[in-house]
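There is one chain below, alone, in structure tokens, taken in the form predicted on its own.
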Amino acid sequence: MSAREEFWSIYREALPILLVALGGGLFAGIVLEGMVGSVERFPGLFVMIPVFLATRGNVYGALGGRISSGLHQGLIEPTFERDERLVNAVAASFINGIGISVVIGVLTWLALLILGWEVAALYELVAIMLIAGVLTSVVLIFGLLALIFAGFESGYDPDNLVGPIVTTLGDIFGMLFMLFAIGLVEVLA
């Protein structure tokens, strides 16, 4: 395949998913707009949002890269059957995703406290991040696996799918589950 043919192949595969990602980003922005009122109840919330979304991309982008490499090398089959490599990669990503969510809540609280800014209670920020982190992690893991496996089976290069899938799922479900977590913490706190 020539360089030009390879370019157009990548472009054809990536463009549709990038358009879906654009729509997902807009939807996440709409959800964010709906959260503005919660900022008064939970000062520090807006500080956590970009960090939370970025870490979803980092943790699950790495998982997507491992899956993509495993598919290309024939080490992972595109099926939901027990595979030690896949189980280990998913478990590590899940633990990292949950752990970093808690760290985000703690570091946000500490940073705002040091700056002398108003900040919600530590347990509130950590609870919001933990709930949103767990729920988003579950959706990202299963969504990422399902979409990459389906794309691979349909002849798409998973390397072209991982980034847009992770960012779109992470933005949409990250914001939805953060909104859910805020509502839950408001009721319970």
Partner chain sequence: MDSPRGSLGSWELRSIVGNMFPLLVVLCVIVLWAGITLEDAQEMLEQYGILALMVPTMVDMGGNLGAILSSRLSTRLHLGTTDFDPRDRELWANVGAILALAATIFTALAFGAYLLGGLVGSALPLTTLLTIALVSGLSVAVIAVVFSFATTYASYRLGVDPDDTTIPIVTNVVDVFGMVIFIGVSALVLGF
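Quantities reported herein were computed from a predicted structural model and do not represent experimental measurements. Numbering follows the first chain given and starts at 1. Basically, rigid core = biggest C-alpha set you can superpose within 1.5 Å across the two forms.
Quick note: we don't show the form predicted in complex with its partner chain, though the next part is all about it.
Using a 4.5 angstroms limit between non-hydrogen atoms, L113 is distant from its partner chain in the predicted complex. With a 4.5 Å cutoff on heavy atoms, F142 does not count as touching its partner chain in the predicted complex; it lies far away. Although the partner is absent here, G151 is not a contact residue: none of its heavy atoms lies within 4.5 angstroms of its partner chain in the predicted complex. In the predicted complex, no heavy atom of F80 sits within 4.5 Å of its partner chain. A heavy atom within 4.5 Å of its partner chain in the predicted complex is found for one listed residue only; from V134, V51, A146, L122, this is V51. Looking at 4 to 39, the residues that come within 4.5 Å of its partner chain in the predicted complex, counting any heavy atom, are E6, F7, I10, Y11, A14, L15, L18, L19, A21, L22, G25, L26, A28, G29, I30, L32, E33, V36, V39. Relative to the superposed core, V20 shifts its CA atom by 2 Å or more between the shown form and the other one. With the core held fixed, the Cα of I10 is displaced between the shown form and the other one by 2 Å or more.
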